[in-house]
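Presented as structure tokens, the chain that follows is alone, the form predicted on its own.
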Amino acid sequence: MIILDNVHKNYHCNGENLAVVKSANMHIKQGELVSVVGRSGSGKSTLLNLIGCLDTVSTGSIIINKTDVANMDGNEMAELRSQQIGFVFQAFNLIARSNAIKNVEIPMIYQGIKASERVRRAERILEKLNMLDRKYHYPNQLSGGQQQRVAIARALVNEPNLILADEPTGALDVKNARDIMAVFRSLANENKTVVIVTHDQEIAKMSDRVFTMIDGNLVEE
């Protein structure tokens, strides 16, 4: 599902060339649940952005589902993101003025899906995540764990093959964090590929494999 071959990412800052990701190599199979751990500033979020086509590599190649994304232009990367990748973030990123079902519908609006189909699909995924009875609740009426389930539903509603999660349990207590990891495990069992960035070693241990970022270098444990 994912192949990184000698990936480098450099940024130019104040006349200096800053290497954030250095010669990263990674092979992830369809249906795997993988975690990337590391200290703040180690490059793990940058790595996730590269895999998610939110940023471009400096050198090397990234293959997503047999497609080389390294040489794609912005429009091609946006199309791949919308069709094949779902994103989950630590801060949930829900729209405060919209209820749960409206938040889940957002990716489908950009796809031009008609309203009745949006509702049907949003209700189906909320039911799968045990949140259908909260569909008319607003974010401030939901617990942190419930908000993250809505965010996951939003990431899944367009049926992507790849789920990328950046510190998805960072704002949750231990119980809710484990519950969210159970959701990711169930997705992997359904043959979806899940890549999680986390600083929490206990959360990482619930994955199939763990990689560590150390000063831009990627090491498999």
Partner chain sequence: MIIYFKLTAIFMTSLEALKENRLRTLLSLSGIMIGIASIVLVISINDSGRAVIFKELETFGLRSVWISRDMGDYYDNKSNFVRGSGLFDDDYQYIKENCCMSLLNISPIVNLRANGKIQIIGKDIRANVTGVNERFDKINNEKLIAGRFLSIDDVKNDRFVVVISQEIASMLSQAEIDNVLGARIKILSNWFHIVGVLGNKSRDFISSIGANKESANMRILAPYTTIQKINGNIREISYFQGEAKSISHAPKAVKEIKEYLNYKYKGIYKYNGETMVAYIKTANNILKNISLVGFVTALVSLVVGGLAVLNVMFMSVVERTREIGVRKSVGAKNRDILSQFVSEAILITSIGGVLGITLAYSIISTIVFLFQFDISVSSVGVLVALISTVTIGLLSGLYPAIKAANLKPVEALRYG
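Computed from a predicted model, the values in this text were never measured in an experiment. Numbering follows the first chain given and starts at 1.
What follows is about the form predicted in complex with its partner chain, which we do not show.
| message | Would you classify Lys44 as touching its partner chain in the model of the complex, given a 4.5 Å non-hydrogen atom cut-off? | response | No, Lys44 stays farther than 4.5 Å from its partner chain in the model of the complex.
| Residue contact check: Asp55 to its partner chain in the model of the complex, 4.5 Å heavy atom | Taking the distances in the model of the complex, the answer for Asp55 is yes, it comes within 4.5 Å of its partner chain.
| request: Considering only heavy atoms, tell me if Ile113 and its partner chain come within 4.5 Å of each other in the model of the complex. | output: It does: once its partner chain is placed as it appears in the model of the complex, Ile113 has a heavy atom within 4.5 Å of it.
| request: Determine whether any heavy atom of Arg134 comes within 4.5 Å of a heavy atom of its partner chain in the model of the complex, and answer yes or no. | output: So Arg134 does not count as contacting its partner chain.
| Within 4.5 Å of its partner chain in the model of the complex, do Leu172, Phe184 and Lys192 each have at least one heavy atom? | Checked in the model of the complex: no contact with its partner chain for any of the three.
| task | Enumerate the residues of 85-105 that have a non-hydrogen atom within 4.5 Å of its partner chain in the model of the complex, in sequence order, or give none. | result | Those in contact are Phe87, Phe89, Ala91, Asn93, Ile95, Arg97, Ser98, Lys102.
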